[in-house]
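Given as structure tokens, the chain that follows is alone and in the form predicted alone.
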């Protein structure tokens, strides 16, 4: 594996291997004249689809629905109420909570007034939230419930601009000091009264908006430092959303389950921006704990999930099949083997023998159809995964079932879309060609550079970071290393700054190795080390559910995560997974030298509350290397064990300390491809 490079002597033919431009987007045809902001699109939609379902929310076990007209009326009421509280054009409004129709309404209400919504990760602890609210200068915060209100109160004077807190769910808040508190219901009542006096109040403010106004501020995950506030204007959001809607032919007949954090750019684009343009229905689950059940009830036609969600779904299937009767296990394995052989070709419209098609139809009736129904994906017309690379076998599993699952490559600073995989042209080892209206080129270092209508305006109050993020001629630096294949599809290798070399010069791509490890259902997280070292070593987090189920089937007793992780049988299990990864690495001459030689199983799960993961569950490798430095040194010192004492944060905010003495295992490398060929 090598990175693409540019040289002064490039010819048009060689340049084509490192440059790509997406086709002209067809999204402009979906935008009515003059609708250059999201609130204007909402106003225009009322006449065309006002009675169509816009949002659903499961509350107390019952699905409640809003039409586009009723949701728009709520948006106007919130906007007028916030106007009465003093929210003005250019100010910021923080929104913190789970996916709720009225919280999406608060985002739209702020935009109606020319204010800037700032969604905040709902699972952020008070200290993380304090940085965003203080840096973003939030004037008002809308919180979902008591939990979020408590965190906002705990911030205290660290968010000096925060004057009012508005809550949606009043449970537990009756006896709170309401000097700074107001219910969303009371704000909406005040807004309706204001609209009765001045019906054109919100409409006039919407008319003042333009495409160059800032639409939203979304904070990066902060993998390497403090999060940065990404300023996206309406031209960024509206254009990219319209192009994506046209690309996947989304319509009012589609439905999405909105369960990912509202502070994440993907949710803002998929569950909000694209919904306003296409008019599809957005379903909000009852809670994070009920997402899988709600997924089955809704059966979305448009579905997005990071690889971890698809891994979890497959883990559930694997566990259930291990517990099934012998005939059912045989039938499942037989038809899944047939699906792996012909299912993807059938999905992509390629020639398949008639007998194989008939057998596949039988498998659809007996296995594939019921399985998709259990997963909640029976109606899925198009699905995406992104955030990190998905394991090839995992990707092939879902596509072999007839599910149109695709990969996309994007980032917050590009309004998500950089690469999209067209139907029928899906490659497991690439993220597809450039998305509509996107240009991509590779720098001399192999870093992916992007130009598109979605490239962000600037970072809030961080001109230096903005200059670092863009070249002098306007190209966005993604920070990822990649290369183009012969068909112009982009292949992402790793974060450019993380791609390194071992001491002997062997290429070391830690994320690539970590993703291979995480394909196995028993491994939840992995962290690879090796830059400028003699060999690669790894930390592993086991998946408690999958490994626990395996332990129970094998009569292995345990009382906690820490105890299970330390079991020698679990070490044997993980060693087997690593051996398979090493065999895969050995088949690639460029990576054969980066096989894993030593590993340990961590005594605790990596946790965002402890700073080890970002809120989007990206590994903070540098922080982990420092936090667990004694274990890293033990791995490279050849020690048989490593001792560590770790401070942890519990769910209720209490601090604690865990001490452990961990086994370290050696792994024999697999025979490299060249050597095998010579031996043959």
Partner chain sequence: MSARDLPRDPVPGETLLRVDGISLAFGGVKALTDVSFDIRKGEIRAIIGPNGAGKSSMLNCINGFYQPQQGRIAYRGVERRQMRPHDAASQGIARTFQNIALFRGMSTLDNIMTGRLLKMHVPFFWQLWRHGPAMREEVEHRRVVESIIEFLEIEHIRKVPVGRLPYGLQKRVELGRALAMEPELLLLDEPMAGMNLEEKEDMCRFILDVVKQYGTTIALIEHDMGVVMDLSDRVVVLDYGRKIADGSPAEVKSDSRVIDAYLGVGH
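Note that the coordinates shown come from a computational prediction; the quantities given were computed from them, not determined experimentally. Numbering follows the first chain given and starts at 1.
The next section is about a form of this same protein that is not shown, the form predicted in complex with the partner chain.
- Only one of 553, 357, 171, 197 comes within 4.5 Å of the partner chain in the model of the complex through a heavy atom, and that residue is 171.
- Of the residues 503, 365, 88, 289, just one reaches the partner chain in the model of the complex with a heavy atom at 4.5 Å or closer; this is 289.
- Contact check for residue 33: every heavy atom lies farther than 4.5 Å from the partner chain in the model of the complex.
- Among heavy atoms of residue 175, some come within 4.5 Å of the partner chain in the model of the complex.
- In the model of the complex, the partner chain lies within 4.5 Å of some heavy atom of residue 293.
- Looking at residue 150, you'd find a heavy atom of it within 4.5 angstroms of the partner chain in the model of the complex.
- With the partner chain omitted here, the record of contacts in the model of the complex names 51-59 of 35-43, 620-628, 51-59, 634-642, defined by a heavy atom within 4.5 Å.
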